[in-house]
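First structure 1, then structure 2: two forms of the same chain, each alone, as structure tokens.
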Structure 1
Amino acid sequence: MDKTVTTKILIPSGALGLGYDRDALMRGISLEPDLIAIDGGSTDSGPHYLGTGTSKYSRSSIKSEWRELMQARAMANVPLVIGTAGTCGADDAVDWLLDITKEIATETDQKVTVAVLKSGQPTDRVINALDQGRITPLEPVIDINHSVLQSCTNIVALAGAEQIQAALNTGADIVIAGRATDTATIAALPLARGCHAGGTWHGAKIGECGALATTNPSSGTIMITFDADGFTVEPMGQNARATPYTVSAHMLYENSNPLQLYEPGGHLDVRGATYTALDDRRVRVTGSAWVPSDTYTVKLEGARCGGYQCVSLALIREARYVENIETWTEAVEQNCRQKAQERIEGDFTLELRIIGLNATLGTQDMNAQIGTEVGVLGIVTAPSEMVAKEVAKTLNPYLLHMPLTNDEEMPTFAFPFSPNEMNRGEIYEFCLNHVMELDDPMQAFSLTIEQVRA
């Protein structure tokens, strides 16, 4: 083993805002890591965050955890790197975290150099790339054109190891990166030092969710030690253990293909990987391969407005209505749609979901069974907020009072709120599943340095 390249990366948790075991973090710091890396987001919570350029987690939670990590960084005196800052990694979300960083620096009397790596893509750049044939769709193929690109409120490119390395090369104490692959912040330094490429990407994937690849996921903190032949996984939580099983099974997590992982510049292939228990809590992995690609591509993500939404919820407890809920719901939907089409100008969709029957899986649920009560969730989506609200208000009296048959007393159902309509505002949709070819990794990214002091 070439000791000179050995690189220890400490990962406090799967994402900033998720929490971690403080003792585990401190144990990691005491083992003198070369870098602390943490993920700041993903697409997993839906398109709203990229659409609006905002964070899923509360500012207070982010500030509280980021403060602790900044203090841990100062103790260890090594770089602290966050990728996909502010959940979505859009430029606004990066600025948001930079702002929090400045506040913390002032409050804790720290002087730090921050490298700010932005992943936001100007529409023109992506349109030009599309026209030049430098954008390729991934499976499943989604058609795009100029108009789709122009309608995006945010487009980001996922930075890889090269862009994070550029940020580290500035000598910054902290790197705040916009959208990046989950693995890039972990892989950048080991790759720059000449650690085994296949082992580095594989170890980065195992580490990117923190202690999820161990027997005690909630302990959060994990150390991955990279070297010339592979990597070693060591959980920092006292009761957490990494086993060949927990480590190898982690390649399944959120990966549609458990054997290969695509990154800018190539892909990881783990089919040759060997997992060996060093003791009852550490695992060593060798044999993973990195396969470089002919062209350098970065994945794109984009979100655009998918209409405006207004929702309404009625609770039905009366047995006869519960028993006949599908008939009733269909009638409500039909009557409301007809009246709204007569009275309101503008397109809309109206959908009623029966909570307590099959709201989760719809008609695909073959084992749906009803209980003593159901909720009926009305969802109206329209091209304008006004139309969505008008249709939802048209739904209101049907949800409240519609009888099952014409010859019975008018029923009244439970509404939990007044007004019962809840305006959800703009909804967003992901509209890019593509990669963009670059001549130079930094071509689509911007890097600036901020001196932050108390």
Structure 2
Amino acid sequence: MDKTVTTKILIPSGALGLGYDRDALMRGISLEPDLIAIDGGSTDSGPHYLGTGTSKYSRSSIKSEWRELMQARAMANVPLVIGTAGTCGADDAVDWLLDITKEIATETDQKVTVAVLKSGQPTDRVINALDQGRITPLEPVIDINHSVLQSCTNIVALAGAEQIQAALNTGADIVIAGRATDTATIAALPLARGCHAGGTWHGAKIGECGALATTNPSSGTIMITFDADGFTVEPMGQNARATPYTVSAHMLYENSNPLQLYEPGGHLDVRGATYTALDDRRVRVTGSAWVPSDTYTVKLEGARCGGYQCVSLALIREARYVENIETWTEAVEQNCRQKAQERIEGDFTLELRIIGLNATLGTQDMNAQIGTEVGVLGIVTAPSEMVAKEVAKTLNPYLLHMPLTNDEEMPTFAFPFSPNEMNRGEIYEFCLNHVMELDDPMQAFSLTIEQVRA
């Protein structure tokens, strides 16, 4: 590679829908990037979105920001790439963003070529790979079989740089990709141009969440410049700075090993990385290494129905009950479960979480403290919506009126809603944490071209 050649990737935000500093975006466009890359989602908000193939962000919010990025792309005359479209990257979510793109093109009088990269996996493909021994579990190990795979409403494979490169090679103005690694959309072009592999993957990891690797995360926009030896981080926000600390610390973000990062085709090793402040805003990184793997694998994610859920909430301020809240909730749970088992046909689970004490970590919370008020959240899960609601209705009088002891007056606590039983409908659970071996990177992905005209 010509050591004078650089590749500049502009990342507007950590994810489409989170917002960003508009002035920072325009500042980035003025520096003439080679590509604009943004992530579309993740598994952070749980399995519902993959299970249903829907976005957690509002359509209006996505359309507003995507419109601005499409206009910025037209100004810069460079490709615009999004990975994990529609939060989950399922095929339906990709189609959803494609429809939004067509609307915007019509409304703004744009003519664009869109490469559509889909990551959805037919069940038969995954079953065949399992039977052939080409699927390997990751930690924590989840056992799978034909029945588990057939129960999935959506299975996706995480695209890497190779699949994004294939989409870019079509010459498309916009790439809408299904589920992809957070780094793939950033790494694809620099790797294709021959930039330093270790530096490219490391810089892509640093840039995946936009300005999160700076002193002003809310500014959103960041520029990563890749070259033959490493990369340089420069935030676009007026008051944002990158420092060796903020940049190096991002290897800890959503990563079990801060010295390594696994991607399709190999892993990044940053043990030899050096972080140098070029000035009070920019950081230069060299010394990162890319270690190719012997086989090419892609991570699989799958979600399936986990039953139906109904929740109830009670608010408790009476000091004696707050002080003895764990004793009281244990009695409520025991009494309700016993009555429900006697009177309702069907399996169910009942859980009471104490909001204001240990609702997040449960028994793992070693520093739980009780304030003047707690909320008691009842969660009923059952194979049918009817059973879930029946058990929640059985719980209702216990949350409202159950005394702490048998020889005292009946209390009345606060219900913030009426009815207090709130159906959450069908819920989902993740059921895949595996990698699938491929003979060719495009083997499990589909790529089509859409000519979008105003």
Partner chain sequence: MTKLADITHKIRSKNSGPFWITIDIFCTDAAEFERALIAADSGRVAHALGISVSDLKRYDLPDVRVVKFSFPRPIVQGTRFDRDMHGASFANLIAELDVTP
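All residue numbers here follow the sequence of structure 1, with the first residue given the number 1. Since this is a predicted model, take the numbers as computed values, not measurements. Note that the rigid core is defined as the largest set of C-alphas that superpose within 1.5 Å between two forms.
- Taken from the structure described as the form predicted on its own is structure 2, whereas structure 1 is drawn from elsewhere.
- The residue from A414, E139, N145, C305 that marks the hinge of the rigid-body rotation between the two structures is C305, the others lying more than 12 positions from any hinge.
- Domain motion between the two structures: the smaller of two rigid parts turns 9° against the larger, based on C-alpha superpositions.
- Once the two forms are overlaid on the core, V332 shows a Cα shift of 2.6 Å between the two structures.
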